[in-house]
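In the block that follows, a single chain appears as structure tokens, in the form predicted on its own.
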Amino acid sequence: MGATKPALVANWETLQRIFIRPEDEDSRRTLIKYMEQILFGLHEFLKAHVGITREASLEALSERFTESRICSHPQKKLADVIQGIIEEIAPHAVNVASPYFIGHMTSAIPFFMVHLHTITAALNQNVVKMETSKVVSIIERQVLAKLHRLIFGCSGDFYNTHIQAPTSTLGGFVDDGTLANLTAMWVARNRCFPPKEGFEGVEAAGIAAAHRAYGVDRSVILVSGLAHYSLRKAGGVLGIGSGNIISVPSSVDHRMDPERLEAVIQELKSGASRTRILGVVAIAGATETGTVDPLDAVADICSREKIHFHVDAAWGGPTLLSDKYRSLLKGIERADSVTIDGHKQFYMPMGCGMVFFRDPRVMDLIAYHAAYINRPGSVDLGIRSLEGSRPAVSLVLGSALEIMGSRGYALLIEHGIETARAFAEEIEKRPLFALVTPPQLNILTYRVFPEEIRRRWASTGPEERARLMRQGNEINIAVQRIQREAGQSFVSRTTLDNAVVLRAVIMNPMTHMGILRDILDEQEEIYRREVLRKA
């Protein structure tokens, strides 16, 4: 019989030991074994240990994690925990780094991102306050200024004045695009209802008091037809109600229609209900289609109507780094505020969002102070931040910009756009498929559209077309589900104009046309083997 392992005990001596270093040589060896693979062979490690989707039902996995008590004493040593993560958990995670994973806005990251995050985790700086970050806060201001200049292109004198000025705020880091959009709309709301005689301002008095003080019945935000659902959340949080996030009808190419935007604004201005438009939100890289709204035309309208103009460029913002394609975002420099996500096309790990404001003073509208932190007159970044404690993700992004350079990032952006265009051409060559939304950036949608359905669609009436739509939707749902469950590759699906479509996001630099042809081949085989045979 084997020797019984000694029981693990939590006491002051063991606590001090594990707090400072691995418990023993076994833990050290296990840690070094896996961390060496992760630090110096990240993509090979992921390929070896993580499948795109290891076949196991969520129900079966859930049954393994039902214990709800925290044990008094340690259950495992570090070595056992690490080995368990690698052998038991990682195989059932999703290998978003696979070049065959083209379904979502999450992809491979450069290997050095793990190094940078490891260092920032070890430093454990809290960038809410200078006393817990010091030089890291100064670096954060510099990183924000670099990206602000990329977006708005103000003069060198402007940045010399504002980059490190305590009274200036060019933007802020948040956890993701949802919080960035919320921050932008928070500022827009407060701009619309500032303090005046007999009224403290909406931030202090609330939205109901603001409406009374300004003779308003309701406040609305106008958004693009494919606006991210975070904008509806913003409506709820800001007190205007998610139902007052009004979608402007899109044109046939799924972009905001400026003429319809004009019509909606005039209708709201002339309606019986006294309505205040807090802002207009256009998209630079829609989540579902990657489309970019006509930013210049929307900017013209917002300028004339004196409405806050926000651009949600969470996805498409880094396209500005490419001299070849930055014109696709023409007009973004006229926005009042812009959202960009670092964990999308800056290829950072989750999560990093950013919001930028053209006016370096406007974030004063959401400033808060406390006696123990962020005191009036201090230079703390947390004064104008929705979040309290924040990690130093700005240090990671700033370092990545130094490692990659703007041209390095541009090459990634250009690869995605050009590969998406080649993929669209391949789709149009294959009779089984129909391209639905051609790529403006590096996202496209298409669907399985068999020739028989295509022929009948062209020569039938509305009732039969509705039936064919349902049939086509069932086919596309089945193909996407079977391919996902097979675990070799992955595309996502969404619904556009009542049609279920397949959605591809081309951002992994290792994804090439050979892989994309494989994915289409697999979909064709699934249709013939699983769908057509059962029809």
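Note that this is a predicted model, so its numbers are computed, not measured. Just count from 1 along the sequence shown to find any residue number.
There is also a form predicted in complex with a small molecule; it is not shown, and the following applies to it.
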property: Residue stretch of 174 to 182, 409 to 417, 74 to 82, 109 to 117 approaching the small molecule in the predicted complex, non-hydrogen atom distance within 4.5 Å; result: 174 to 182
property: H228, heavy atom within 4.5 angstroms of the small molecule in the predicted complex; result: yes
property: Contact label in the predicted complex: D312 to the small molecule, heavy atom within 4.5 Å; result: yes
property: Residue contact check: K129 to the small molecule in the predicted complex, 4.5 Å heavy atom; result: no
property: In the predicted complex, I283 touching the small molecule (heavy atom, 4.5 Å); result: yes
property: Answer option from T287, S399, Q125, S250, heavy atom within 4.5 Å of the small molecule in the predicted complex; result: T287
property: The unique member of R189, R447, K344, R255 whose heavy atoms fall within 4.5 Å of the small molecule in the predicted complex; result: K344
